[in-house]
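Before any questions on binding or motion, here is one chain by itself as structure tokens, the form predicted alone.
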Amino acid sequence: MTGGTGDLAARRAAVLGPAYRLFYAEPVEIVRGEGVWLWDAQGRRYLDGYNNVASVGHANPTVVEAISRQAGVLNTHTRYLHPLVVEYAERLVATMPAGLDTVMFTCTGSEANDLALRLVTMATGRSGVIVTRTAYHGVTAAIAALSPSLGLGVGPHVRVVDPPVGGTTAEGERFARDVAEAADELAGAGHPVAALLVDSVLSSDGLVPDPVGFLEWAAREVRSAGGVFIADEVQAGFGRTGRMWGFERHGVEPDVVTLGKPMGNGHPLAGVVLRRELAEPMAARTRYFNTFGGNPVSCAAGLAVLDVVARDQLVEHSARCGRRLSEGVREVASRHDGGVEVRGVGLYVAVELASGEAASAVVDGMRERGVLIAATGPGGRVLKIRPPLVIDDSGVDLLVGALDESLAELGGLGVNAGS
């Protein structure tokens, strides 16, 4: 880092909490975004291959106009009646299975998962939770305890299960059996299972979309043990997988769905959608209020996102463009190591390398070539490719080309043949 960016990094380190992290060996100072493009302080343009928050594009004009229009009229909370709040809730539940009929708003996915946990523990009278091996569900104290990827460990009321490996039916069935065994362990430890909480694409486990149906098999097991299934759609939702919701692909109807990130295209909007009977026990004991959750400006942003997704057919686009992305990445990966497993669904693709060091080298190499991605999964060795849904074929080709060149210079760090 040199000049202003280096000075800004030093100022940041001096004043922000030391737990914060920056991307890339040479951090990027982003000052502007439009569609799938980001510009740094020096005027260089980057293809965004990472951000699912601005999923309908950075500075999407429809969303910006909706936020600006409502902010110029009124922004307040949900203790007053406001038509936008009700309309957005109605539009949202209309995209879900019929049994999911009740919405509660928050500002972040972390809050949504925290609220979902409160709701289901009150509804079931149980405390046990099952999560995946390197799950990430948020940053509140209660949800960090359900997020092994943070490295803090989990509490005695939590059990972790390994995700399916290789996408086989046998592995999906093994996952479901492990969920059943975890539920038995929790009951034996005095923490009967309240919920299985799973990110619908197991993003922090390195992206595990297959085998199709494994979430339904696991949900069946946790329900037979007296718990419920919470689908964390913060990563998968709003068209990312080529379907509106990631759980749809598995043919499962969750009891609770948690939402965040792309919900407001960068505006702080998140929430919980659930069956009414699961919301009633909490309501009988206490009130719920969130000063900013579900405010009119946020709901205007949310409505605009739904409008853009429908108008521009972004769910269908994600499926089609995602196939092109997966095929291109698979072709590149096969040339560099003779059969790297590339896991993908819609506009979310993962490539596992030999180590976190290798993944970091590729991430930095692509940044040097003007394409931004990141790494995730066990040991940080899985490349995370997750562009805004508005990426087009030329953007996909640019991304794949940068990956090809970055893998070529990887040398001895090598790649791994899958997870």
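Residues carry their position along the shown sequence, with the first being 1. Given the structure is predicted, the values throughout are model-derived calculations rather than measurements.
Beyond the structure shown, there is the form predicted in complex with a small molecule, which is absent from this document and is the topic of what follows.
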*Of 113, 132, 318, 298, which one comes within 4.5 Å of the small molecule in the model of the complex, counting heavy atoms only?*
113
*asked:* Looking at 250, 261, 126, 343 here, can you tell me which has any non-hydrogen atom within 4.5 angstroms of the small molecule in the model of the complex?
replied: 261
*Using a 4.5 Å heavy atom cut-off, state whether residue 175 contacts the small molecule in the model of the complex.*
no
*Does at least one non-hydrogen atom of residue 234 fall within 4.5 angstroms of the small molecule in the model of the complex?*
yes
_Even though the partner isn't displayed, in the model of the complex is residue 136 close enough to the small molecule, meaning a heavy atom within 4.5 Å?_
yes
*asked:* in the model of the complex, is there a heavy atom of the small molecule that lies within 4.5 Å of any heavy atom of residue 108, even though the partner is absent here?
replied: yes
*Look at the stretches 137-145, 206-214, 301-309, 165-173 and give the one with heavy atoms within 4.5 Å of the small molecule in the model of the complex.*
137-145
